[in-house]
Every structure is written in structure tokens, then in C-alpha cells.
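There is one chain below, alone, in C-alpha cells, taken in the form predicted on its own.
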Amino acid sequence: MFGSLFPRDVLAELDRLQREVQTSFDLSPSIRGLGRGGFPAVNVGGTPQSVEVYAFAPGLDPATLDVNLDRGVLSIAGERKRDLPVPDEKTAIHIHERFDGRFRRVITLPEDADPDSVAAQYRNGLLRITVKRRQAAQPRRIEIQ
């Protein structure tokens, strides 16, 4: 006589909602960068002398890449051109997994990164950005007299 306010399988519905929420967090941009599925894929690491950022961006013209460092935030932006024909009534695209379009990745660097000492190189689809650490932040041995 009375209709249910909840779906019949409440646990399945909760599971679906949890997956949707998790997906939205995984793909939303943040100060640390873009989550899973972001382009270009990046690896960030460091040595005592520098912070190393590797962006995997094959097939791009390095002249179209824009790398900026502002107040400790490194941004990599650009555009990947579409390499498939524009679909019309005579053509069809069956699978399109490669990202095309504008992109931007944002990475927060550590406080000891020196904005005056940055180098970027692009070769074989790999963008390598090296940011030296400030000399004052370098560990050093102090001799006792």
C-alpha cells in the first residue's frame, strides 16, 4: 500500500554512490595536481640538491608547452592537437583513447626550491624540469674547533 522511500537494494545503491563520489575526487584538480587520468602524467622526486619533475608528454611540440613557476607553484600547460579526422557522415571513429585538447598540471614545490634556478628540457616525449634547492637549505657538516 505504501511505496518505499529507498531502493530495494540499499547496499548496492550506497556502493554506487561511493564510487561516484570517489571518481569525482580522483579527477578533480587540486593544488597538488590532477588525479588519476591527468595529462601529462608526472613523476616528482628530489635529491638533496634539486627537485626533479618528469612530465610524460609524447607527440607534443616543445614550443607549445608553457612552464611557469610562481610563488612555489609549478604549472605545465599546453595543447595536444587532434590527430584523428573530424567525424562526419563518411567517417567514423571506433576507439578514441588518446587525450587531445588543452591541459594544465599544477605542482606545489617545497619551500627550499630556488625559483631563480630552473631548467627545462624536452626530449623523446619526456619533459624534465629541474629546480635547484637553495644553498642555505643544503645539509652541511659543521666542524667543531
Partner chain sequence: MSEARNIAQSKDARASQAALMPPVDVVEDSTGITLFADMPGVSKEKLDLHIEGDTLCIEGEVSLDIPEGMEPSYAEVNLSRYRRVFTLSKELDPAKVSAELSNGVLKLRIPKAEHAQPRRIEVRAG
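Residue numbers count along the first chain shown, from 1. Being a predicted model, the structure only gives us computed values, none of them experimental.
Another form exists, predicted together with its partner chain; not displayed. Remarks below refer to it.
Engineer: If we define contact as a non-hydrogen atom of the residue within 4.5 angstroms of the partner, is H94 a contact of its partner chain in the model of the complex?
Structural biologist: So H94 counts as contacting its partner chain.
Engineer: Although the partner isn't part of this model, could you tell me whether E79 comes within 4.5 Å of its partner chain in the model of the complex, counting any heavy atom of the residue?
Structural biologist: Close contact is absent here: in the model of the complex, E79 is far from its partner chain, nothing within 4.5 Å, heavy atoms only.
Engineer: Please determine whether R128 contacts its partner chain in the model of the complex, using a 4.5 Å cut-off between heavy atoms.
Structural biologist: Because a heavy atom of R128 falls inside 4.5 Å of its partner chain in the model of the complex, the answer is yes.
Engineer: I'd like to know if D83 sits close to its partner chain in the model of the complex, meaning any non-hydrogen atom pair within 4.5 angstroms.
Structural biologist: Because a heavy atom of D83 falls inside 4.5 Å of its partner chain in the model of the complex, the answer is yes.
Engineer: Which of L60, A113, V118, V67 has a heavy atom within 4.5 Å of its partner chain in the model of the complex?
Structural biologist: The residue from L60, A113, V118, V67 that makes the contact is L60.
Engineer: Since the partner is left out here, which residues of 98 to 112 would have a heavy atom within 4.5 Å of its partner chain in the model of the complex?
Structural biologist: R98, R105 sit within 4.5 Å of the partner.
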